[in-house]
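The form predicted alone is given below as one chain in structure tokens.
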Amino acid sequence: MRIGIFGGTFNPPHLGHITAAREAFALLGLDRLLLIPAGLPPHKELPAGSPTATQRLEMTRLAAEATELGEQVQVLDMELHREGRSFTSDTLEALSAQYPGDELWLLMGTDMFMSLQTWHEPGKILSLANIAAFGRTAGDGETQFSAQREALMEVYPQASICTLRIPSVVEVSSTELREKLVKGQGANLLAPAVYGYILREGLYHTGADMKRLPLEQLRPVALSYLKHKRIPHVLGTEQEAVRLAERYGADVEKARVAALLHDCTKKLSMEEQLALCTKYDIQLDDLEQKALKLLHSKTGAAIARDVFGVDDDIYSAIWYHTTGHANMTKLEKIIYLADYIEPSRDFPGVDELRNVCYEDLDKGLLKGLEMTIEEMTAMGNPVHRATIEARDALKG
């Protein structure tokens, strides 16, 4: 197995890191990519006021998902738990023991490659892993790479060094990016979920007010709560909710906010969901106490109100988007259906359901509720009483 190792302070992990990691993975034919945030970097001190190790780890996890390499990319916290400086030679020694017989590739940018001979135990590094260096800017070229490669191999003839050209290199300096973030800039240099997490945590002196976020900030913050594979669904639900709101004369902005936040706790475990239910005094019926799928609408509504200060209309639209209930408001109906028929949904009957939804909102809702009840019954799963009550109310 060919394993790529990409370390750094990731303060913050930006599109330069993500693009380089994704393209190096392809160019080297790697089977796995490991992203490893440094605890105490040996070559520089972390700037004052830097995010905590836990925050850098979470940002790196969000950036890893943005590589779209799925389970082939992993984020390791091994250096964050190690005492003292995060020496690459120690990390490679541990990984070599963990993956005996596998081929390790240490990935690094121009600046790190050009100073490799000054690192702690460079000979050990070059004996444990192949080196893959890539340009950090479009101007980085083979001229400087070849000179450094030859100098290293003269001292360490056993070394295996490969230099890569990243075609779509994103030129960004972490230092300059941090300065931009203080000024309210730099969002375009980050994966949306990473930028959203920075805003959520108030990192780099961003100081955003969660209860008064403009749309261009609310969207990435909402995405930062999600697993990467759910992002297209939430963005699709936003798109569908806006269309339905415009079609039926509902409040477009409320529909947009409810759609963006409706799955904000979806990725949480049963234990985490129940902890939020306790925190927000959410009362659960017998079915909800056992059905994880039903809880995120309630806990999501609670987070939307507590963190984002949404009003009662948006709160209830999120609360009921999984089950519905009798006599739903127009916004509740729109969010329920937008979640059901957004563009990435693909199941038998979805096109017919979409057509009905745009002919008559209540007919679309009734059809959606009946399809849900039919599917749950066919699978042998219990149907929540609120869903049955919603159907019966529409049928009169």
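A quick note: this is a predicted structure, and the numbers were derived from the prediction, not measured. Residue positions are given as counts along the sequence shown, with the first one as 1.
This next part talks about the form predicted together with adenosine-5'-triphosphate, which is not shown.
Enquirer: Counting any non-hydrogen atom inside 4.5 Å, which residue from Arg200, Arg136, Arg219, His296 sits next to adenosine-5'-triphosphate in the model of the complex?
Expert: When adenosine-5'-triphosphate is considered in the model of the complex, the option within 4.5 Å is Arg136.
Enquirer: If you check Leu284, Val170, Leu76, Met210 against adenosine-5'-triphosphate in the model of the complex, which one has a heavy atom within 4.5 Å?
Expert: Partner contact (heavy atom, 4.5 Å) among the options: Val170.
Enquirer: The chain here is shown without adenosine-5'-triphosphate. Which stretch in 246-254, 170-178, 223-231, 306-314 comes within 4.5 angstroms of it in the model of the complex, by heavy atom distance?
Expert: Of the options given, it is 170-178.
Enquirer: In the model of the complex, do Phe10, His17 and Met108 all put a heavy atom within 4.5 Å of adenosine-5'-triphosphate?
Expert: Spot residues vs adenosine-5'-triphosphate: full contact, yes.
Enquirer: Determine whether any heavy atom of Met153 comes within 4.5 Å of a heavy atom of adenosine-5'-triphosphate in the model of the complex, and answer yes or no.
Expert: Although adenosine-5'-triphosphate is absent here, Met153 would stay clear of it in the model of the complex, with no heavy atoms inside 4.5 Å.
Enquirer: Any chance Leu104 has a heavy atom within 4.5 Å of adenosine-5'-triphosphate in the model of the complex?
Expert: No - in the model of the complex, heavy atoms of Leu104 and adenosine-5'-triphosphate never come within 4.5 Å of each other.
Enquirer: Going by a heavy atom distance of 4.5 Å, is Leu128 a contact of adenosine-5'-triphosphate in the model of the complex?
Expert: Because no heavy atom of Leu128 falls inside 4.5 Å of adenosine-5'-triphosphate in the model of the complex, the answer is no.
Enquirer: Applying a 4.5 Å heavy atom distance criterion, does Leu276 contact adenosine-5'-triphosphate in the model of the complex?
Expert: No, Leu276 stays farther than 4.5 Å from adenosine-5'-triphosphate in the model of the complex.
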